[in-house]
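Next up: a single chain in structure tokens, the form predicted alone.
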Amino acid sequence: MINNKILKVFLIVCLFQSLEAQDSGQKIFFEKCTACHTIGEGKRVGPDLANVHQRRDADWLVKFILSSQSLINSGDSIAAAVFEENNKVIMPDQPLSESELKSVIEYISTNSPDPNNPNIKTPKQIFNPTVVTQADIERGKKLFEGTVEFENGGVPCVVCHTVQLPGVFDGGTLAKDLSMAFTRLSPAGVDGIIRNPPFPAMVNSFADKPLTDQEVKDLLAFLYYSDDWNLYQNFSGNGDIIFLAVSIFSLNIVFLFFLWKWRKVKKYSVNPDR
């Protein structure tokens, strides 16, 4: 029993460490890498880094990230080939710690597509808010409302669902309001439901009329925008309530202060010589 408890604690600690590394790796990747690299979205200034952890060992990656030119000048033929293949664009040295480098490599590993299971989506492929464009949102809105038809002939979302957004058609009430679907279900949850409908009405509408990857991406962009807009509205509304409460409290403090001053003046206003 004790061993089982120790094992559970160990697994929980490992899980939290893994999640922490993912957060750190993602932050560093977006700050230092995305200008030149993608993970599974094609070559940018530098090569696509999808599954780079399978092509190169960890020690080599660490050396290359820290200083690619130092590795090239040491006579490393692989580093020199990478340099040549990418138009001899010099990769800036990255003064990162060993733990930071490992977290970046772990992030790339987790978000790289599985070459043996191309239909399995990575977290990055499911939804990445940093690459959402206004055009994505607008296409998603048109698909949701039905002003643009789904490629395979599926029923527009607005028939059963609604979202609370200015300028969007009023939708049906047969199914859940999707205004804040991302907050309620998470991006991965929304993606999973769209791709593999679990509800009878959706199965009837989309079982033999699946959405394309681009349509899923556009709908997710639109629902992300809707979620973000509604979160802001809720925050603004709560802010007004807080402001009102603070104002009332402040007025009461001022009133009590003047009341105290008035009582003090009244108490000592009589001439003591009389």
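Source: prediction; values computed, not measured. Quick note: we count residues from 1 along the sequence shown, nothing fancier.
Heads up, the form predicted together with ligand HEC isn't pictured, but that's what we're talking about next.
Contact annotation for M202: at least one heavy atom lies within 4.5 Å of ligand HEC in the predicted complex. The shortest heavy atom separation between L231 and ligand HEC in the predicted complex exceeds 4.5 Å.
Among heavy atoms of K102, none comes within 4.5 Å of ligand HEC in the predicted complex. Using a 4.5 angstroms threshold between heavy atoms, N111 stays clear of ligand HEC in the predicted complex. Residue in contact with ligand HEC in the predicted complex (any heavy atom within 4.5 Å), chosen from A175, A188, V131, A135: A175. Along 202-222, these residues reach a heavy atom to within 4.5 Å of ligand HEC in the predicted complex: M202, S205, F206, L211, L219. A change of 3 Å or more separates the two forms for K43 and Q214: their C-alpha atoms lie farther apart in the predicted complex. Relative to the shown form, the Cα atoms of E215 and K43 move apart by 3 Å or more in the predicted complex.
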